[in-house]
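Take a look at this one chain, the form predicted on its own, written out in structure tokens.
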């Protein structure tokens, strides 16, 4: 637990909530062990969209479309491009987009983000990275190419329930590669000359970066 549970519960109790259809998608995702953004992260996204009013959003890691739909609610003028490679999740996401009446504003691209990102030609006002954690550093060059100056990069799950702060020997052997790669990613975000970054203990840890002119 990154933030003490009593404090987190109190903050969650203040949240105004989401549309009913999104709450249904959330409930179903939790039941089927599909990873989706935490409520605190959703609140942060709402705040950032309200302050930035993005017109073009890039998402790496769609899953069943929960976060893309939420960003569409928070940024009603935005066109969203999202990427997913898991077939079962793609089908569910498309169904969710259609039922929410969002299929015309959310473009779901099927495949590996490392292969798709280089083919894109857009300038995103906001980019949300929430895919394979061990690949964040590999996604970064193309995400930076596609992010407009002044654009915001949101990287989710960067603290790994606090494990990223531990010694590599304190995490299970199977998680050590992700542990090191996430540390390398956070170091890169903080030390690039073209980014201003802060790391927040929101949800499972969120890195917020602004692309400098």
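Since this is a predicted model, take the numbers as computed values, not measurements. Positions refer to the first chain, counted from 1.
Below, we refer to the form predicted together with a small molecule, which is not included among the displayed structures.
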Among 140, 86, 120, 108, just one has a heavy atom within 4.5 Å of the small molecule in the predicted complex, namely 86
Picking from 75, 113, 80, 93, the single residue whose non-hydrogen atoms come within 4.5 angstroms of the small molecule in the predicted complex is 113
At 4.5 Å between heavy atoms, only one of the stretches 142-150, 47-55, 33-41, 181-189 reaches the small molecule in the predicted complex; which one is it? 33-41
Classify residue 67 as contacting or not contacting the small molecule in the predicted complex by the rule of any non-hydrogen atom within 4.5 angstroms, answering yes or no. yes
Just checking whether residue 158 would be counted as a contact of the small molecule in the predicted complex - the rule being heavy atoms within 4.5 angstroms. no
Decide whether residue 132 counts as a contact residue for the small molecule in the predicted complex under a heavy atom distance cut-off of 4.5 Å. yes
At the 4.5 Å heavy atom threshold, is residue 63 in contact with the small molecule in the predicted complex? yes
